[in-house]
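Given as structure tokens, the chain that follows is alone and in the form predicted alone.
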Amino acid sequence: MKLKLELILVLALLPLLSLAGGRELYSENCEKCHGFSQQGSLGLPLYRSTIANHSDRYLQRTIKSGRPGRVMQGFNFSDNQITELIRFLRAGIKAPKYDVAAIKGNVKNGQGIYKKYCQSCHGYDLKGGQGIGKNFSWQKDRLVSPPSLINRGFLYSAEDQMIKHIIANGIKNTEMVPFVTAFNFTDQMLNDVVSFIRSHEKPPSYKNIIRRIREPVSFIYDSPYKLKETVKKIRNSVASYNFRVYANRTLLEGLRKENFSVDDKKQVVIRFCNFNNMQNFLKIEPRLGVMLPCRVTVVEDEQGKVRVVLANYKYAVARFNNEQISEAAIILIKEMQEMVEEALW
């Protein structure tokens, strides 16, 4: 009788034991973005109602290739590890199977359908909504940021039939409604819009974006003024661009200065921030907060020569692997360069 009870207990625990490896992989690699209970955070939610629409092939390719240009990196897991992780994500849900053959529809008609029904969420350029993953409390229009439909990793991973299935049936407990019942989509309409989305596919690219930046890491300007006058002029210039200017700091402030041989008073950091600008950046990439506020450093060398050092934010922002934030950084750094150049004119 005792052996029988032990056997029953082991059999009851088998499903939990089979998920243990995947749970550990998820905890170590996925949880920080997709949440402890897969509710989403920096990454999109991975609820069972969402995973129910995804084939094993799609999940395998997504884990391997990630989402180039976005936060989702590719993971160099073994086939067994990927199988364990997918088993954990499914939690007993049967994997759907989709035909991998391409859907043949009318791309031009699909473009019109997309513009009318899909553009408001996924963007006119199909790059998705602003931001990533779960939205902040001030983004009332969407619970999550609609994903990019032309991301190379997504189009490489997704079967046409899977895309069609999701458009037709929606995703339960999300803002993705079933278009067949909500908007009376016909089978031909589904085929056309899928073909339009697929027409944007390009070969996967995993080049290091940092290596493609053809600019210096920092912009250095010679100032014709003394240190104090340079600092004053830059502060005035920054304020004229509607940035709030904070109290100056020295470069080594808060550190034990006896460990350094430089004159800390001759290295002044000017800090500033535009709150509208900051909010727009954080909507796109919440982790960017570690870089705020913006700053310019004014340095006087031993010969009395004054220079202004402006870090090139393109390099720092590139590490977040987000095309939207990289494009916004180009605008910001150009504006900051104008501020400095105007001050030193």
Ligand code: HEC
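Start at 1 and count along the sequence shown; that's the residue number. Please read all numbers here as calculations on a predicted model, not as lab measurements.
The following text describes the form predicted together with the named molecule, which does not appear among the structures shown.
Undergrad: Can you tell me whether residue 62 touches the named molecule? I mean in the predicted bound form, with a 4.5 angstroms heavy atom cut-off.
TA: Close contact exists here: in the predicted bound form, residue 62 approaches the named molecule to within 4.5 Å, heavy atoms only.
Undergrad: For residue 305, is any heavy atom within 4.5 Å of the named molecule in the predicted bound form, or not?
TA: No, no contact at 4.5 Å.
Undergrad: Applying a 4.5 Å heavy atom distance criterion, does residue 156 contact the named molecule in the predicted bound form?
TA: So residue 156 does not count as contacting the named molecule.
Undergrad: Even though the partner isn't displayed, in the predicted bound form is residue 30 close enough to the named molecule, meaning a heavy atom within 4.5 Å?
TA: Judged by the heavy-atom cut-off of 4.5 Å, residue 30 is in contact with the named molecule in the predicted bound form.
Undergrad: Scan 87, 266, 235, 122 and let me know which has any heavy atom within 4.5 Å of the named molecule in the predicted bound form.
TA: Result of the distance check: 122.
Undergrad: Going by heavy atom distances of 4.5 angstroms or less, which of 273, 103, 107, 144 would be at the interface with the named molecule in the predicted bound form?
TA: Of the candidates 273, 103, 107, 144, 144 is the one lying within 4.5 Å of the named molecule in the predicted bound form.
Undergrad: Can you confirm whether 70, 75 and 175, the three residues that make up this candidate site, all sit within 4.5 Å of the named molecule in the predicted bound form, judged by heavy atoms?
TA: Contact check passed for all of 70, 75 and 175.
Undergrad: For the stretch 33 to 70, I need every residue with any heavy atom inside 4.5 Å of the named molecule in the predicted bound form, listed N to C.
TA: Residues within 4.5 Å: 33, 34, 42, 43, 44, 45, 46, 50, 54, 58, 59, 62, 63, 67, 70.
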